[in-house]
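Heads up, the chain below is alone and in the form predicted alone; it's given as structure tokens.
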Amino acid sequence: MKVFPPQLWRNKETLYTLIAGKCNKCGNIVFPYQEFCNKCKSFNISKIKLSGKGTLISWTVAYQNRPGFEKTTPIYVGYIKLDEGIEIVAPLTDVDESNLKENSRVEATVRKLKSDSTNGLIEYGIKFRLV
């Protein structure tokens, strides 16, 4: 899979941190960041950095992946409620399946997402791990 350095550079703010928007009118938090509030429709939004800490509500595991990505299985995915109140679906990493339990604390960490076998570039991004 191709990794494009210019695209990574343009998206570096959102690839390595969790950035949301906070409405200055009603206080609603919008994730991922967008320039308007989906609650009150205001365009008065400020960027905020989320803590990256939360609670694992539920999780699932996939043992099949698309061709070319067989080495990355199994894939663990969690439904996570961040401390700011936002609920997201995100990949889990460093998983020992016997330790996965609902209501476990998790935190965001930067891990390898994919690599480009033609030029050796690696793309990193956010995954969550148990605390």
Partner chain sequence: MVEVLIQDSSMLKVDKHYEEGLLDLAIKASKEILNDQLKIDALIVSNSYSEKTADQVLLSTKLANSLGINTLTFRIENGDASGGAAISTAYYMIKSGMIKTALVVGVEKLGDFPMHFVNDIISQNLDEKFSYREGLIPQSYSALRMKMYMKKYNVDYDYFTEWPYLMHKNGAENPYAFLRFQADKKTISTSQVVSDPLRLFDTSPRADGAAAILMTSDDVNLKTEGKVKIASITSANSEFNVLELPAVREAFNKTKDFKPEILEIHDSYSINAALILEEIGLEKGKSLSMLDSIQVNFSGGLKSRGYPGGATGIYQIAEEYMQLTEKFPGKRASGERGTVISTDELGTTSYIINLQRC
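So that the term is clear: the rigid core is the largest set of C-alpha atoms that superpose within 1.5 Å between two forms. Model, not experiment: these values are computed from the prediction. Residue numbers count along the first chain shown, from 1.
Omitted here: the form predicted in complex with its partner chain. The next part is about that form.
Trainee: Check each of 77, 37, 95, 48 and return the one that places a heavy atom within 4.5 angstroms of its partner chain in the model of the complex.
Mentor: Among 77, 37, 95, 48, a heavy atom within 4.5 Å of its partner chain in the model of the complex occurs only for 77.
Trainee: Closest heavy atom of residue 20 to its partner chain in the model of the complex, within 4.5 Å or not?
Mentor: No.
Trainee: Find out whether any non-hydrogen atom of residue 57 is located within 4.5 angstroms of its partner chain in the model of the complex, and reply yes or no.
Mentor: Residue 57: yes, in contact with its partner chain in the model of the complex.
Trainee: Please run the contact check for residue 32 against its partner chain in the model of the complex: heavy atoms, 4.5 angstroms, yes or no?
Mentor: Within the cut-off, so yes.
Trainee: Should residue 11 be counted as a contact of its partner chain in the model of the complex, where contact means heavy atoms within 4.5 Å?
Mentor: Yes, residue 11 lies within 4.5 Å of its partner chain in the model of the complex.
Trainee: Only counting heavy atoms and a 4.5 Å limit, does any residue of 38-67 reach its partner chain in the model of the complex, and if so which ones?
Mentor: In sequence order, 38, 57, 58, 59, 60, 61, 62, 63, 64, 65, 66, 67 come within 4.5 Å of the partner.
Trainee: After a core superposition, would you say residue 10 shifts its C-alpha by at least 2 Å between the shown form and the other one?
Mentor: It does shift by 2 Å or more.
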